[in-house]
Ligand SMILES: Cc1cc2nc3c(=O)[nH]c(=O)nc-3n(C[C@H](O)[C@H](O)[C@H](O)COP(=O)(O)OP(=O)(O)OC[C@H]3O[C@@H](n4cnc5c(N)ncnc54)[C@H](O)[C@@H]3O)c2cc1C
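One chain follows as structure tokens, the form predicted alone.
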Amino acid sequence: MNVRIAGIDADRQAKVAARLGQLLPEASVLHHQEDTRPYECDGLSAYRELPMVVALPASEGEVQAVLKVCNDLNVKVIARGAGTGLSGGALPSREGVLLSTAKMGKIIHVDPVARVARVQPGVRNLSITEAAAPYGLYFAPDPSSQIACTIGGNVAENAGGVHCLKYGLTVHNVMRVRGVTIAGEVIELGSEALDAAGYDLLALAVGSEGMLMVITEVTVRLVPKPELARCILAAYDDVEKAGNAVADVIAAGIIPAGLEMMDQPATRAVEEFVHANYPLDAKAILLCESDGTPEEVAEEIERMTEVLRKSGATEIRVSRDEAERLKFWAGRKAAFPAVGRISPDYYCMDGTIPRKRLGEMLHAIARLEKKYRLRCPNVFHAGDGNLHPLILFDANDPDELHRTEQFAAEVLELSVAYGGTVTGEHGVGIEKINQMCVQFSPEELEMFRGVKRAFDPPGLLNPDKNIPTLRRCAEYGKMHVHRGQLPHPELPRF
């Protein structure tokens, strides 16, 4: 009879660990609970699972070897970068191997002429910019976790950041990806040329959440560091005015380097933590950044200031120097840890809606706060309509966690109803898998499954994530109908 420890089949665990131990150094194969516990979740810490085995390959060859063994033994594989993801994409399986790329942290080559860098997946996002800095270049995507997150995870989740409005998400800044399929086959997608023949499989790989391959090398695009950057802080006495101001800026033909929005609960939490000198009486603030040559920045700042004034801003400040600009942004980038100081736990969400409906969504979230008796500060990548509501709760209270999940589901489904999508940069993982049933038809979901089967016929790479089964969608539809809680009449009924 097999012994099960924490739900793990001990005999199978020993067999898998032994096979992997023949391929990797002893310290690179972990299976004791005290060793695997640090890998039980990613940034979505409300959901945890101990992996059966953790593998820590240090090269592409070792990744190949691990995947071949797992394919041979029919074992699930969940790839993990730094574990900063917020959608549960790296949640392990008690029946699978968690493959960490943490040891693959080499910057292979920086080419300042071609303005590209070749790196292994375990390289930190910020390290790329640091390596490119001597050449006056940097890597544009800047997630708030850039000091810790790694490029492999950025590619898997298609991460963004506060400057994605002008410079794009990860998908717009990656030229080539090299990876290994479940069968151990090495494939390359994209190239360092301006275009690649055939279907755009590179874009398919970026944001694929570890379901198609394990990434082993990435070629990223580098951009010149701007000569100057300045930031406007605009305060509003009404969240809807602030939301409309975002649309007004874009409608004026201005594409700021960054355009962020924070509501009053968020600014108050941040101010206690960072002391960014935000106006605490404002119902919402906008941060609008311009970068380029001094002449370009001066003109754009003047144009944005005029638009913001006409949109009803009660106060406008323009950063006087680099220190003040960084202070403005320090507050925004510290929003997540700031709310962590005022609540035992928080649920950081990620949806996207049309810019013109930002104010409408904020009012809807305020209603949901009362409905579920939970607080929810909000920070937005407002320029592209990317929401980050932060639902505050206590994970030690099962009822609060349940209410938080329902709150989050309604926000995501409202995002779809308002003409948006359930994710902007965090990915789907396990967090939003039910809402995929709302956004996509059964036929569309079957096409997604077909793509996965083409890369991963046995379905072993990060299974049960991202793409819901037909049964799951049917069950979720029945639950919705039973609750009678569809949040918006524009949503499809099951």
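Computed from a prediction, not measured in an experiment: that's the story for all the values here. Start at 1 with the first residue shown and count on from there.
One more form of this protein exists, namely the form predicted together with this ligand; it is left out here, but the text below deals with it.
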Select from the listed residues 243, 383, 143, 377 the one whose heavy atoms reach within 4.5 Å of this ligand in the predicted bound form.
143
Just one of 291, 263, 209, 345 has a heavy atom within 4.5 angstroms of this ligand in the predicted bound form, so which one?
209
Is it the case in the predicted bound form that 60, 189 and 448 each bring at least one heavy atom within 4.5 Å of this ligand?
no
Among 128-136, 298-306, 83-91, 108-116, which stretch has residues whose heavy atoms lie within 4.5 Å of this ligand in the predicted bound form?
83-91
Is residue 462 near this ligand? Define near as a heavy atom within 4.5 Å, in the predicted bound form.
yes
This ligand contact at residue 160 in the predicted bound form, heavy atom, 4.5 Å
yes
Any non-hydrogen atom of residue 389 within 4.5 angstroms of this ligand in the predicted bound form:
no
In the predicted bound form, does residue 426 come within 4.5 Å of this ligand, counting heavy atoms only?
yes
Sequence order please: the residues of 203-217 with a heavy atom within 4.5 Å of this ligand in the predicted bound form.
209, 210, 213, 214, 215
